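Have a look below at one chain only, the form predicted on its own, in structure tokens format.
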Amino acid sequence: MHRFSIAVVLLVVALPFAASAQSIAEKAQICAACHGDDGVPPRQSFPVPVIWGQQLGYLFFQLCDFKSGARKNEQMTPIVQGLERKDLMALAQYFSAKPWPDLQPPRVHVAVQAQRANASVACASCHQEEFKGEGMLPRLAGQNDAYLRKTMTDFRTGARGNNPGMTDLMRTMSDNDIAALASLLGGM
């Protein structure tokens, strides 16, 4: 299914459901279409992050950024537009309380290039030891590597502009550095 088709299906089916859903668990069901019923995003034509077990503050602020337009995404923006701020916090709490899924990532050989890229931007200085994040800083370890690659590239190009510090860091990295680092982090 094409990206446009998924967005249209979500708008037609999800928005009325999300608006009429009563519990947060019911509202969270629309998220499963892209993010997975068990926390593992299904294979899609576009990269989707793992949100189960992600940091509460990070999830909440990303949802707020989608709602305000500070972060743009053709699938997420229409979904959060119909939600109240209290729903955004409740959804962030719901997903952050879930266990991080076992994605069974392929074990990667820690390439010299990935180590060099990580050292140059010092990811662990913000994303914490073992890249598990904290508070408003997302977990990177075990995240979908295609999503990590897209996110780092979007920061570098300015397509994602809701964190100027990340934009500055990613501008120092090459495509090969980003790919190596995403593979390293995704394999953790």
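On a predicted model such as this, the values are computed, not experimentally measured, just so you know. All residue numbers refer to positions in the sequence shown, first residue = 1.
The form predicted in complex with a small molecule exists for this protein as well; it is not shown, and the discussion that follows is about that form.
The small molecule is not drawn, but in the predicted bound form it has a heavy atom within 4.5 Å of Leu83. In the predicted bound form, the small molecule lies within 4.5 Å of some heavy atom of Gln75. Shown alone here, Gly53 lies farther than 4.5 Å from the small molecule in the predicted bound form, counting heavy atoms only. Residue contact with the small molecule in the predicted bound form: Gly142 places no heavy atom within 4.5 Å of it.
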